[in-house]
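First, one chain by itself: the form predicted on its own, in structure tokens.
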């Protein structure tokens, strides 16, 4: 490759989500879902990684690795445990996390909704409730009022397409139903919530870029599957990409490809390795989705999530190195890519699959919560510190 150096100021970071690492988030729809005997969840989030208490240690880890950014989310149900009732202590907690990032030289990248919704809103229909977008915007207004002066980048909603698809298409996220009409209504609600949130965040204190993060697949059509691909992608990606008009960036979150024929989505191709999530090992998907997001939106791209669930840490380095080669090819062709965030910092609660998949750069003992960085953590940190991919980085 002609150039292995990333642009000056390129954001290097790792990402987490409140419910997946904090522990004890008992007041949201996911906690209810985990404890419903009829749900497909393998286990409860429980204490997670105890990051509600151990966040300074987590930030120390990120900084010690040489990464310059940390993406984390606010738990809405802690900040607004009942409608209109605000927890000043929780707001102050997240302000302390944001300040802790700044103190360590880390750029705080704050996500305002990462999969979980307060129980009080879920009880009246969640994102199907007519006032859900307005309630979310009000939450953003309150939170940014406390944190805005410290925020580096803001993500309104994490993967709204996955919340809608898994919750209303496949029925394996709350509320656990399968009804396409309801899924599409939730899509529309998320798009409206995003637009209102952008307004609220820009009206608060601080100056920072604001955008949406989207789960994207490298969709590939087999002969006869072209029309079906466009139909699937329309409701899983395009409606959200079109809702980013006027944003400062779009967050791309990619893990694999998706093959489509005339009947619909296909499983992994014979002979292609699969990860703990059942995805194909397909790191080259990231390049394809970056290019598509940039083309459709015209916005700068931040890779807000990319990673692999694997017990083989050498495979993790191989996956990331190949994904970063794709980022470099995009940059070489003039695509405006601003940063790369590995998912995830910690081996954490992976939603319906519990603690089985291990995405983390850092292992976490399930009983003691002791953190143990994996070799891939030091490797990615060295890439970040050099702001370049070594010529001898592993390749397939």
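Positions refer to the first chain, counted from 1. Small disclaimer: the values here were computed from a predicted structure and weren't measured.
This protein has a second form, the form predicted together with a small molecule, left out of what is shown; the following refers to that one.
With the partner omitted from this view, the residue of 185, 296, 222, 277 that lies near the small molecule in the predicted bound form is 277 [heavy atom within 4.5 Å].
Checked against the small molecule in the predicted bound form, the candidates 342, 70, 30, 359 yield a single residue with a heavy atom inside 4.5 Å, and that residue is 359. Only one of 225 to 233, 112 to 120, 312 to 320, 133 to 141 lies within 4.5 Å of the small molecule in the predicted bound form by heavy atoms, and it is 112 to 120. Remark: residue 350 counts among the residues lining the small molecule in the predicted bound form, judged by a heavy atom distance of 4.5 Å or less. Within this chain, residue 255 lines the site of the small molecule in the predicted bound form, having a heavy atom no more than 4.5 Å away.
Heavy atoms of residue 156 never reach within 4.5 Å of the small molecule in the predicted bound form, leaving it off the interface. Within this chain, residue 20 lines the site of the small molecule in the predicted bound form, having a heavy atom no more than 4.5 Å away.
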